[in-house]
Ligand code: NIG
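Below, in structure tokens: the form predicted on its own, a single chain.
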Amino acid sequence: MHQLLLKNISQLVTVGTGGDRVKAGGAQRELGVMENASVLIENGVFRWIGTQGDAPPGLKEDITVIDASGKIALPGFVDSHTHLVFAGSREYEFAMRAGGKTYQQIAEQGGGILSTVHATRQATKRDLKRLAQGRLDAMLQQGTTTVEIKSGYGLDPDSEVKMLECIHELSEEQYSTVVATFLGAHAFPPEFRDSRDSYVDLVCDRMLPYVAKRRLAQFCDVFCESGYFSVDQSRRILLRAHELGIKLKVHADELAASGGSVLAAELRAASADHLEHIDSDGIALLKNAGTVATLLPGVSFFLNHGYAPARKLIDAGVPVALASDFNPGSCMSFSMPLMMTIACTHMGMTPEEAISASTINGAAALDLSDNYGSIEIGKKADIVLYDVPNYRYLIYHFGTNHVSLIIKHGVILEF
């Protein structure tokens, strides 16, 4: 039985839920901050939390003790929306946008999602895995301990399976907790440009059954957007995934009020992501469905377009999560502290709301909040120490990695 005691923590942010799976409304501001705190971890699980004057029960002689004086502690961040497995890069598109080209114009000139599809199809699984391992390690070093990774840069059966196998192997081999999402409906591949319903047939009749049989993904996602997958096409794919026992997510209302949020609520998806153009009806439906609104501030920042209405969503009682959407086209950053800074400066969120959104609500968007996203007795011991005077400083002093120590499942990680 291995024990690890963190003592003299200057400020412990538990993000405690009191047994709830998610934080919504005013609860997103409640972080459960403790001063001069101690945490006892046993066999990879939080076993005791108290102040420095309290004595943890049942300490063993061979316990490992860490003096966290001058540090703050938070749960490991949960990045619940990424496209981390891909080949190639698209810095040339960044230059085109800087020169005034729009996202759609770049796609019409051979850029966009299909550019990464070409590079990813050409890459071997070994190459994809090597690239992804480096990214996961870098994310860990910035405090992200749980990551969702989507497929969607293959868009044919073999390439999508290659990506999902890569993600599955990463989940088995890396310290990070990795959740796989099948996003075969990310875009229409060039070979199906003139027969889009036939591609939907392929996703429903071949890809999804194979993914389900081999248990390659916990979630199915769809890019429900004008010019991509219609509401009817998206519904068909998601219903098929549900029949096969795969949980649901939706890329919704990013480029316009496309009906994606309404569909996510109708099907009670775990999360509806993006939501830059969600309307009041969509907000009300998400609240009633209990669907997490996953907002992606890095995308709006990087593409210089409108931000999702975080303030309206939170005030309406919709649980809001933040994620990076790390991908080569619209957000080449996986820094969750940076996402929180942007959410506070451009989306009207408070630091407290941003922290809840990046921890417990991100875990809820992945159906993992029973074990991750907060520092509570019985949960997996994912905790990160930072060299900052208080939790608000972590978001205030942006562009710098303040991580001091990372503990994943009770294991102290060395980099």
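Predicted, not measured: the structure shown is a model, and the values here were computed from it. From 1 onward, residues are counted along the sequence shown.
Beyond the structure shown, there is the form predicted in complex with N-(iminomethyl)-L-glutamic acid, which is absent from this document and is the topic of what follows.
K.L.:
Exactly one residue in 258, 330, 291, 120 has a non-hydrogen atom within 4.5 Å of N-(iminomethyl)-L-glutamic acid in the predicted bound form; which is it?
P.N.:
Filtering the options by heavy-atom distance leaves 330.
K.L.:
Taking N-(iminomethyl)-L-glutamic acid in the predicted bound form as the reference, which of 136, 167, 113, 318 has a non-hydrogen atom within 4.5 Å?
P.N.:
The residue from 136, 167, 113, 318 that makes the contact is 113.
K.L.:
In terms of non-hydrogen atoms within 4.5 angstroms, which of the given stretches 128 to 136, 81 to 89, 340 to 348, 188 to 196 touches N-(iminomethyl)-L-glutamic acid in the predicted bound form?
P.N.:
Selected range: 81 to 89.
K.L.:
Would residue 253 count as a contact of N-(iminomethyl)-L-glutamic acid in the predicted bound form, using a 4.5 angstroms cut-off between non-hydrogen atoms?
P.N.:
No, residue 253 is distant from the partner.
K.L.:
Could you tell me if residue 325 has a non-hydrogen atom within 4.5 Å of N-(iminomethyl)-L-glutamic acid in the predicted bound form?
P.N.:
Residue-level check for residue 325: yes, a contact with N-(iminomethyl)-L-glutamic acid.
K.L.:
Should residue 153 be classed as touching N-(iminomethyl)-L-glutamic acid in the predicted bound form when contacts are defined as heavy atoms within 4.5 Å?
P.N.:
Although N-(iminomethyl)-L-glutamic acid is absent here, residue 153 would touch it in the predicted bound form, with heavy atoms inside 4.5 Å.
K.L.:
Is residue 223 one of the residues lying within 4.5 Å of N-(iminomethyl)-L-glutamic acid in the predicted bound form, judged by heavy atom distances?
P.N.:
Contact check for residue 223: yes, within 4.5 Å of N-(iminomethyl)-L-glutamic acid in the predicted bound form.
K.L.:
Out of 265 to 280, which residues reach within 4.5 Å of N-(iminomethyl)-L-glutamic acid in the predicted bound form, heavy atoms considered?
P.N.:
Counting only heavy atoms within 4.5 Å of N-(iminomethyl)-L-glutamic acid in the predicted bound form, the single contacting residue of 265 to 280 is 274.
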